[in-house]
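Listed next as structure tokens is one chain, alone, in the form predicted on its own.
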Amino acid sequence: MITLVLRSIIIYIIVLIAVRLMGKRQIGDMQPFELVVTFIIADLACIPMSDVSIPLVFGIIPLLTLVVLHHLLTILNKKSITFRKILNGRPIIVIDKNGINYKALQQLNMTLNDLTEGLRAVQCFNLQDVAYAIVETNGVISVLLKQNLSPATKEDLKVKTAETTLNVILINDGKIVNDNLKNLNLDVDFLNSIIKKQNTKSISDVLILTINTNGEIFYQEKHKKAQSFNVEVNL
């Protein structure tokens, strides 16, 4: 009995340390690879706690191996956009100005019920109120309401509003997001012209660059303040 108690305490402490090292994400915010590692750690921890015939070290080594593997994957996830896309997938727009993108729903293996339930979870009960809805890589649905229904209540003030736009990331932590660049019919020369005007040495020095259909740019270099400006571009 004492052996079981001691083994349980040791495994508990190791699992607690492992989970702390993995970060403070909630289950719903985890990426797929993080969720898989969490489930495996929980399963591995149960075996040496309940079966005294298994040497304790046989439970500890796999746990530590998974922690190291998780850190390696996290580093690769931060360094490479291509690897990040393979490991986590990419955000997918399921509602845009043309309505529900049925092809995107099929790609995500989602039903209309899944979509409407996800919208209700973020207090959006009417599809016609949605300008854009995006399924993030962790499965959470992000919603951008139409301009006249935003919290600013511009409709009540009778203020004319511009068409709702969606910001698209073109540079992410020093890496070009080629898919987004291609979808907007832009090229690397366009990005180079922007960073040249901002006196930035190279694209690798840019933390983030986004653009919307009105040509509004959100731009920030690493370790510098963010700024917003407009460019002339036909999107």
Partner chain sequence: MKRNIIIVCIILIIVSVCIVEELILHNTSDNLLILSQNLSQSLIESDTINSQENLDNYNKLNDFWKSSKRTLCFLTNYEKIRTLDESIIKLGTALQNDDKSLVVENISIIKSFNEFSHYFMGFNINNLL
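Please read these numbers as outputs of a predicted model, since none were measured by experiment. Numbering follows the first chain given and starts at 1.
Unshown form predicted together with the partner chain; subsequent notes refer to it.
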property: All of Ile100, Leu108 and Asn138 with a heavy atom within 4.5 Å of the partner chain in the predicted complex; result: no
property: 4.5 Å heavy atom contact, Arg120 to the partner chain in the predicted complex; result: no
property: Distance check, Ser202 to the partner chain in the predicted complex, heavy atom within 4.5 Å; result: no
property: 4.5 Å heavy atom contact, Val67 to the partner chain in the predicted complex; result: yes
property: Non-hydrogen atom contact Pro55 with the partner chain in the predicted complex at 4.5 angstroms; result: yes
property: Stretch in contact in the predicted complex with the partner chain, which is absent here, among 90 to 98, 112 to 120, 68 to 76, 126 to 134 (heavy atoms within 4.5 Å); result: 68 to 76
property: The single option of Ala42, Ile61, Val188, Val36 touching the partner chain in the predicted complex, heavy atom within 4.5 Å; result: Ile61
